[in-house]
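First structure 1, then structure 2: two forms of the same chain, each alone, as structure tokens.
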Structure 1
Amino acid sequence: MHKPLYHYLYIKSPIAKIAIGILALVVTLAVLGGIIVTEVPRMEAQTANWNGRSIEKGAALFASNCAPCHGDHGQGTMNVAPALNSKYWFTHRLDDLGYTGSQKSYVLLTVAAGRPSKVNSQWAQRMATWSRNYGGPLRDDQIDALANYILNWQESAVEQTDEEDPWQPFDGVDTGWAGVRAAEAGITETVGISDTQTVSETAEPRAPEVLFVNMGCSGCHNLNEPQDENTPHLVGPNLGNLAEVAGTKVPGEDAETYVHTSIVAPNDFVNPGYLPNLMPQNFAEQMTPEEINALVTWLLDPNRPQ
């Protein structure tokens, strides 16, 4: 009778069996101990890796969806959207709003469900809904990635000086950043940007190309692309062919009248496919008549510098 191939594994001695069992148990415990010791830092490193990937994805989403309104680096756009890469935004904004949740929950809710805005306010443009749960285009993981990217600014933002902070202060006494600074200085009135601010007509007129940027127009309108069914702009119409189409928009209005009315009373005519109340209603208070007329002429000039 032949012995099985594994006969050499057979151990006759009971003592040897016990010794091998104890040794195997010790080795098993040592391996488990090593896993326990290394698992915590491994998981921390993996978490940091996933967070880094999420921030990278959020940066790409921000550049394509949020930067036109909030600025390439979160510095905000006047009349369009507030700064997010801001000391005030991270340290005071939630207190101003009376929001008691976390900074991340505020960002998640705002990005997902949007945020309405009053017509006559510092930022008259409504925040769109981005989550698919509310009719938007983004998945929950993409909303989370956007929030992680925005919150990634916090460490550097809180180190900004008052002069470096891009937040647009409010006019009058309030609990905004201007109000905080004023309260600390014992001042009862502050000057900033608001829906009631007027522009002195004795000041040097600002150039149209400067106004187009400073008034936030560039955040919503593309000067170089024509507006047609193949190249619609997400927020406001493209202006590349404005000189050709402006005089055809409203019966009885020439191009100059149409553009002028679109600036000072934008709700009088809203281009099909776009929403009312997105453009600020107070440009007549933020620019002088001379500046508005110059801006109209510049917008209708097909030879303006690109």
Structure 2
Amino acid sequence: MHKPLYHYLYIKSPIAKIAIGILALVVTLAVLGGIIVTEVPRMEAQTANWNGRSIEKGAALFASNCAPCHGDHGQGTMNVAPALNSKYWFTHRLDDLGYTGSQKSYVLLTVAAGRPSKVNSQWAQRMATWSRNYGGPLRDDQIDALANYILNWQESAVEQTDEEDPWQPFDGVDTGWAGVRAAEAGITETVGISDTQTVSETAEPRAPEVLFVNMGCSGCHNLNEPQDENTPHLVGPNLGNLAEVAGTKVPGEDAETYVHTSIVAPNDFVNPGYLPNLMPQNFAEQMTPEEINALVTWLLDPNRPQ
């Protein structure tokens, strides 16, 4: 019979067949051996990989769910939500609370449950419950990703200098943090440093647009939208058309006086539909009179850049 072109594929010799089999077996075992001896580093790389991917997921969730209150970089917003990237938060917060679990478990349970039952809080709003198990929007793996993301600030947070530390004091928690910071900075007398940030008399006055963010006004007030029935608002009224409405609220008070009073003594007139005590009562202590006046003028400026 004639031999076809591919006749070399027909191996007849049993020894050749055995040799091929053994060669294949050796290759298999060698590669398998290589895989086995590198399993430990491979598993380490995979562990780091999935932690990294979880942090990426957490970052996206944080940007859309948490940043409005806790700030783009977790630096917190005065009066709205505490900083989560501060040195204090990573080094002393749990001690102050007497919480003995891990930082991660604290974040997990706080985020999952929220702070549903805080009465008379220093913060504008309660933090909502986030876990789906308790009626919130997020799944467990998402909360875990958020916790991984928040904990990933640790490395940079513990190296913060005093100027960088965005720590905001917690009311009603006896914290020795101010003293710790003073001691680290080499200051023996703790003059001028107390639990609430006091106004430094000598410092440059801060610009109104800076104050509006730093004091947390932006957490509760929308600057661009007008105040009317149909426009949704945050915790406090929208301030887009403040210049028009401010003079009409309290008979006999002009716009300037009204806005000034609204900042230093918010409860003097509480807008219908809002609860008293929501807006912090101590802005007079947190800003200098010049700063407050500048803020009032700025708020009432109809040409304020948006």
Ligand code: HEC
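What we label the rigid core is the largest C-alpha set whose atoms superpose within 1.5 Å from one form to the other. Computed from a prediction, not measured in an experiment: that's the story for all the values here. Here, a residue number simply tells you its place in the sequence of structure 1, counted from 1.
Novice: Structure 1 or 2: which one is the form predicted on its own?
Specialist: Comparing the pair, one sees that structure 1 is the form predicted on its own and the remaining one is not.
Novice: Tell me, please, whether between structure 1 and structure 2 the C-alpha of residue 54 is shifted by 2 Å or more, with the rigid core used for superposition.
Specialist: Moves: no, less than 2 Å.
Novice: For residue 145, is the C-alpha shift between structure 1 and structure 2 2 Å or more after core superposition?
Specialist: Comparing forms between structure 1 and structure 2, the residue 145 CA shifts below 2 Å.
Novice: Indicate whether residue 209 shows a C-alpha shift of 2 Å or more between structure 1 and structure 2, with the rigid core used for the fit.
Specialist: Residue 209: C-alpha displaced by 2 Å or more between structure 1 and structure 2.
Novice: After fitting the core, how far does the CA of residue 294 move between structure 1 and structure 2, in Å?
Specialist: Its C-alpha position differs by 8.4 Å.
Novice: After aligning on the rigid core, report the distance the C-alpha of residue 280 travels between structure 1 and structure 2, in angstrom.
Specialist: Value for residue 280 between structure 1 and structure 2: 3.9 Å of C-alpha shift.
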